[in-house]
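Take a look at this single chain, the form predicted on its own, given in structure tokens.
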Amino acid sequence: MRSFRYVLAACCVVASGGCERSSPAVESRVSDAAVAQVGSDAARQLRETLVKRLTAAIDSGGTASAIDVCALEAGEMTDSIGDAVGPGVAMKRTSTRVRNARNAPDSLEQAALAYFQKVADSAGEMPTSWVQDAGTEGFRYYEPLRVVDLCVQCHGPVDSIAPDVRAVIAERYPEDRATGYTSGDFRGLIRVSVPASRAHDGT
């Protein structure tokens, strides 16, 4: 049972490392390694913090309790980790099908989501990360989130989700769009905004 809980807690926050370049123009202005250093460290901290907190919630109150954590605590955790990484760093989880409206993608995130999906469709393998030129904001580092087997307990076809979990989702997220996934699906992205000052020196 503990193994089940740990996998369930991790399934919607696990991403992978590495780095793809966004364009030749970025190469002349910034070190991809500097952006990836900041972004991957922030993404790792977010994954570890969310997994720890979700695991504790599942251990104490079951799967439905983890949904409460996402509704009430995850956004604040994400913001605080970005602040802790350094000045100007901001973080977000986003998807084409969001559960929490605050995670809805802006235009740059929509482009990133489309990029990851396009590469996966054409190459048969999703990039492990990507650096995007965000203009005056600086740069954005992305890592993909994928659904694993036990994610379907909260994000699978509606009829397969336990009634108590469905009830909490309906209460917390009346406009939820984050169901209907199957194992292996592309769930979304972790986004780390890195200001240009840090993108050049990685400090």
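Don't overthink the numbering: it's just position in the shown sequence, from 1. Treat the numbers as computed from the prediction; the structure is a model and nothing was measured.
Omitted from view is the form predicted in complex with heme C, to which the following refers.
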| property | result |
| --- | --- |
| Candidate stretches 108-116, 83-91, 125-133, 70-78 - the one whose heavy atoms come within 4.5 Å of heme C in the model of the complex | 70-78 |
| R166 within 4.5 Å of heme C in the model of the complex, heavy atoms | no |
| Contact flag, A120 vs heme C in the model of the complex, heavy atom cut 4.5 Å | no |
| In the model of the complex, A178 touching heme C (heavy atom, 4.5 Å) | yes |
| H155 within 4.5 Å of heme C in the model of the complex, heavy atoms | yes |
| Residues within stretch 34-65 having a non-hydrogen atom within 4.5 Å of heme C in the model of the complex | V51, L54, I58, T63 |
